[in-house]
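One chain follows as structure tokens, the form predicted alone.
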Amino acid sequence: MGFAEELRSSCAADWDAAVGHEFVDRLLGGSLPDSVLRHYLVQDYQFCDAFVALLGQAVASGPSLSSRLVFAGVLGAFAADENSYFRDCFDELSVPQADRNGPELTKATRDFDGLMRRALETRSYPDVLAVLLVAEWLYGDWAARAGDEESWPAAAKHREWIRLHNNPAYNGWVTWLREEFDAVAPTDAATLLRVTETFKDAVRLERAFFDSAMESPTPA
């Protein structure tokens, strides 16, 4: 068992609860209320700054040109594809500019953003990878539950969020991240403990973020 799979197994309860969350169930079924999706996307968009910074730090601290180029490619794809999805959904859901750029953050959003920025401040490649891997791998796992594209919900606001996390390029990126994380597994005790706790905290906070999405506003 590689380092990535070992850590995922160590927090399987939170991981499985996030992947099988009611939020995911309703998104995959096309029954997620607009009020819930709107709240979720507004909060999720606030992670984009820290996420892009983490990718940039991965470019800076990567061990080789080949690794750096992978992260550079993901940065470009995020700027084009995923950011466009947010803009389109914000327009469709009538999200005002103030809520796009500076909404009131929930505790779950503040906590996860704080974890991302602490990992960024370490300037440590394994720490940065730990957060990126959880965010991307866990989303790939829930999106895989959607099955064949023919069974996806019809509405673009649901369907495109699935597609962004369930396609060959994304799946290949997640596999590469796991392999890269395994390859740079820390050998000194202090770094190993810190990276392990960062990974576990990220999984716990992903679950909490889905919980928060369903709690405010109250879903129909």
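The numbering used is simple: start at 1 and walk along the sequence shown. Source: prediction; values computed, not measured.
Below, we turn to the form predicted together with a further copy of the same chain, even though it does not appear here.
Site annotation in the predicted complex: the residue of Leu164, Ala156, Ala53, Val184 reaching within 4.5 Å of a further copy of the same chain with a heavy atom is Ala53.
Only one of the listed residues (Leu93, Ala72, Ala144, Leu105) places a non-hydrogen atom within 4.5 angstroms of a further copy of the same chain in the predicted complex, and that residue is Ala72.
Of the stretches 147-155, 41-49, 185-193, 170-178, only 41-49 has residues with a heavy atom within 4.5 Å of a further copy of the same chain in the predicted complex. Shown alone here, Arg123 lies within 4.5 Å of a further copy of the same chain in the predicted complex, counting heavy atoms only. Although the partner is absent here, Ser64 lies within 4.5 Å of a further copy of the same chain in the predicted complex, judged by heavy atoms. Using a 4.5 Å cutoff between non-hydrogen atoms, Arg87 does not count as a contact of a further copy of the same chain in the predicted complex. Contact annotation: Arg26 falls outside 4.5 Å of a further copy of the same chain in the predicted complex, judged by heavy atom distances.
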